[in-house]
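Below, in C-alpha cells: the form predicted on its own, a single chain.
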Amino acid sequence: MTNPRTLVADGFKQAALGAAALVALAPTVFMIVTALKPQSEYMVNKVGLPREPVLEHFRAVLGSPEFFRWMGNSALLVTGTVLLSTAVAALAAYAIARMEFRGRLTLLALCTALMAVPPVVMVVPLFVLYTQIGLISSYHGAILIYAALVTPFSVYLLTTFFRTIPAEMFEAAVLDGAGDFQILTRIVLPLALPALLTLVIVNALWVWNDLLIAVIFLQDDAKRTLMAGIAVFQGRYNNQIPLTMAGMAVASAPMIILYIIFQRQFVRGLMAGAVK
C-alpha cells in the first residue's frame, strides 16, 4: 500500500513541475497569441485570446525575401560553427580523457574557466584584430569566433562522457591494433552520440539566437543574421507588435523543431556522465 505522505509529496512535486512548465511556456504562448491578433484588436486587448485569429502577419513575414536571406545566413553560421567546434572538441576531449601527457588536467581546468568568461569582454580586442586582418563582415571570421566561444563547454561535456566509457573497450581495441584516431571514430564517437546531439542542439541554439557577435562582426547588410534582421524588423515596424511577434515565432520555429526531433537524445546527453 502506498504511503499517504508519499502521495502528497508526489502531488506537490507534480504541481511544482507543472507550474514551472507554465511559467516557461508563457512567453511562447503570448508570442503566438499576439501574432494571431489583428493590429486593431491588439491595441484594445493586449493579453487576451484573439476573437478571430488571423494569419496575415505570418503571410507578411513569409512573403519577405530578406527574411529568408537572414535565415539562410544564420543557418550557414550554425552549420559551420557546430561542425568546427564539435570536431575540435571531440579531439581535445579524447586526448584529455584517455591520453597521458603533462598538463592535460591544466588544459581541462583552463577550458572550464573559459566557460565563465562573458563574450562581451572579448569584443573590443577581437574587433581590432579582425579589422587589421580583414575578417570583418566575413562568414568564416564569424564562425571562428562562435566556434571559439562554444568549444570550452563542448570539451568539458565530451571529456566527462568519454571518462565514463569502460577502459576495457580501449584495451581491447589496442590489442586489435587500432590507433587512437580509429578508436575515437569507430568506438568512442558512436557511443557518444547522445552527448554529441546535445552539443549540436545547445550550440546551434546559442549561435542562432546570438545578436552581439552578428551585429558587430557582420556589418554587411547582405550577411545579416536572423536575430540581427529581427532587430531591424522590429525597428521598422515598431508600432505593429503582432507583426513583430509573427517574425519572432517564425524565427523560433527551426530551433523548436530541432529540439522536438532530438529531445530524447538531448535528455540522454545531459544525463550522460552525470554519474559514473
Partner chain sequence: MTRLKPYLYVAPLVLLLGFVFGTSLVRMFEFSFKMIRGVDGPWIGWRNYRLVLNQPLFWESVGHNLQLLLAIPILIGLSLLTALLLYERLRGWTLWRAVLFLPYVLAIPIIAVVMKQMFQFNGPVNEVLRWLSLDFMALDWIGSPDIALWTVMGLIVWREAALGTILFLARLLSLDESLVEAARIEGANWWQRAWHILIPQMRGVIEFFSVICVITMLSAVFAYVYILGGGRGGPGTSTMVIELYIYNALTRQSLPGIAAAVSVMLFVVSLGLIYLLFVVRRRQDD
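None of these values were measured; they are calculated from a predicted model. Numbering follows the first chain given and starts at 1. Each form is matched to the other, and the largest set of C-alpha atoms that superpose within 1.5 Å is called the rigid core.
Not on display, but discussed next: the form predicted in complex with its partner chain.
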*Using a 4.5 Å heavy atom cut-off, indicate which stretch of 162-170, 190-198, 129-137, 72-80 touches its partner chain in the model of the complex.*
129-137
*Taking 4.5 angstroms as the cut-off for heavy atoms, does Ala113 touch its partner chain in the model of the complex?*
yes
*Looking in the model of the complex, any heavy atom of Thr28 within 4.5 Å of its partner chain?*
yes
*Ile261: touches its partner chain in the model of the complex, heavy atom cutoff 4.5 angstroms*: no
*Please run the contact check for Val54 against its partner chain in the model of the complex: heavy atoms, 4.5 angstroms, yes or no?*
no
*Name the residue from Leu49, Ala222, Leu211, Leu62 that puts a heavy atom within 4.5 Å of its partner chain in the model of the complex.*
Leu211
*Heavy atom within 4.5 Å of its partner chain in the model of the complex - qualifying residues of 137-160*: Leu144, Ile145, Ala147, Ala148, Leu149, Thr151, Pro152, Val155, Tyr156
*asked:* Taking 2 Å as the cut-off, check whether the CA of Val33 shifts that much or more between this form and the one not shown after a rigid core fit.
replied: yes
*CA of Met227, rigid core aligned, shift of 2 Å or more between this form and the one not shown*: no
*asked:* Does Tyr42 move appreciably between this form and the one not shown, meaning a CA displacement of 2 Å or more on the superposed rigid core?
replied: yes
